[in-house]
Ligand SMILES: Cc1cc2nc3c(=O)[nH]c(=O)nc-3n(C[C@H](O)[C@H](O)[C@H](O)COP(=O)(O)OP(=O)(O)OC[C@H]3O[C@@H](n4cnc5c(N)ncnc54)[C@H](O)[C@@H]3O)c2cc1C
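Consider the single chain below, provided in C-alpha cells and representing the form predicted alone.
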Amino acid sequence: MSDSLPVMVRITRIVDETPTVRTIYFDTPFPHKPGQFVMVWVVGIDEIPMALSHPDAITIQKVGDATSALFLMKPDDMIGIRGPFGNGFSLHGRVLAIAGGVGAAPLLSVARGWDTVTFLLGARTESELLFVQEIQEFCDLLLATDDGSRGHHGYVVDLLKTIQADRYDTILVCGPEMMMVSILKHLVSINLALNAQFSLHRYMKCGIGICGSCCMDPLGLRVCTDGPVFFGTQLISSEFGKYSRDASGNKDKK
C-alpha cells in the first residue's frame, strides 16, 4: 500500500467494454479486498478515487476531467496509483450482488472469487451491460435493461422484487446512487437493510481520512476510511440519496 506518494504504473492495454466504458490495465497489480478503492493520479489533471475491477486494472466511464483524460491515454502512458484504501465488502454465506452500469467493476471479483453468488446486473440498454460473459462463467446472472433490449424490461430494483431476497445472507450493491437508494428502500420494506452493503462514491481529496471532503451528514462518517462500503442501516438517516458535496464543499442535490 502507498498512503502518501503514488506508485507510477505503465498502461499495458486498454479494452473497450461497452460504447462508454473501458478497462485500463497496468503493469503493477494491487492486491485488495473486493470493494476497496485506489486514488488514481492523472498527471497535470486531478487525482480521483476508483474501484479496482482487477488487481491490475480500473474500469472507467467518462464523467469528468480526469476520466476524460484517461480515455485519451494509450498503452505505455503512465498514471499514478495510491492504495488500496477503505474497508471493502464483508462476505459470508449466500451472496446476492446487485450492480448498475460501471458499478459492476468492484463486484466483479466477488463474482469470480466467491462460491455461491447470484448477480443482478442492470443498464440502460443491452450494449451497456458490463462484464456479462465473464460474470456468467462464475455465477448465476440475471439482467435488466431500462429499454427492455435484454433481460427484464425495467430497472434492476424491479428485477430484485421478482426474487426471494431473504434467501441470501449477504447483499452487495454498487451503482448510481439513486439506483442504490431505490434498492435500500425496498430492502428496508422487507427488513433486509442489515444484510445489505452499499459501495458509495463521494468526492475525495486525500483518500486517507484527513481532509474531511467525503464526510457524510449527520454523523461525519468518512467514505474513504469508514467506507466506502456501508451497511444499509447506516445509510437510512444519512445524506445518502439527498445530496453530496463538490470540490468546494457545496451541496450537490440529487
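Residue numbers here begin at 1 and follow the sequence given. All of these numbers come straight from a predicted model, not from anything done at the bench.
One more form of this protein should be noted, the form predicted in complex with the ligand, which is absent from this view; the next part is about it.
Problem - Answer option from Leu219, Ile190, Val63, Val43, heavy atom within 4.5 Å of the ligand in the predicted bound form - result: Filtering the options by heavy-atom distance leaves Val63.
Handout entry: Stretch in contact in the predicted bound form with the ligand, which is absent here, among 164-172, 113-121, 179-187, 100-108 (heavy atoms within 4.5 Å)
Key = Looking at the other structure, the answer is 100-108.
Handout entry: Distance check, Ala196 to the ligand in the predicted bound form, heavy atom within 4.5 Å
Key = Residue-level check for Ala196: no, no contact with the ligand.
Problem - His54: touches the ligand in the predicted bound form, heavy atom cutoff 4.5 angstroms - result: Heavy-atom contact with the ligand at 4.5 Å: absent for His54.
Handout entry: Contact label in the predicted bound form: His201 to the ligand, heavy atom within 4.5 Å
Key = Yes - in the predicted bound form, heavy atoms of His201 and the ligand come within 4.5 Å of each other.
Practice task
Indicate whether the ligand has at least one heavy atom within 4.5 Å of a heavy atom of Pro49 in the predicted bound form.
Solution key: Yes, Pro49 is a contact residue.
Exercise for the section: Can you tell me which bits of 25-39 touch the ligand in the predicted bound form, meaning any heavy atom within 4.5 Å? Expected result: The stretch touches the partner through Phe37 alone.
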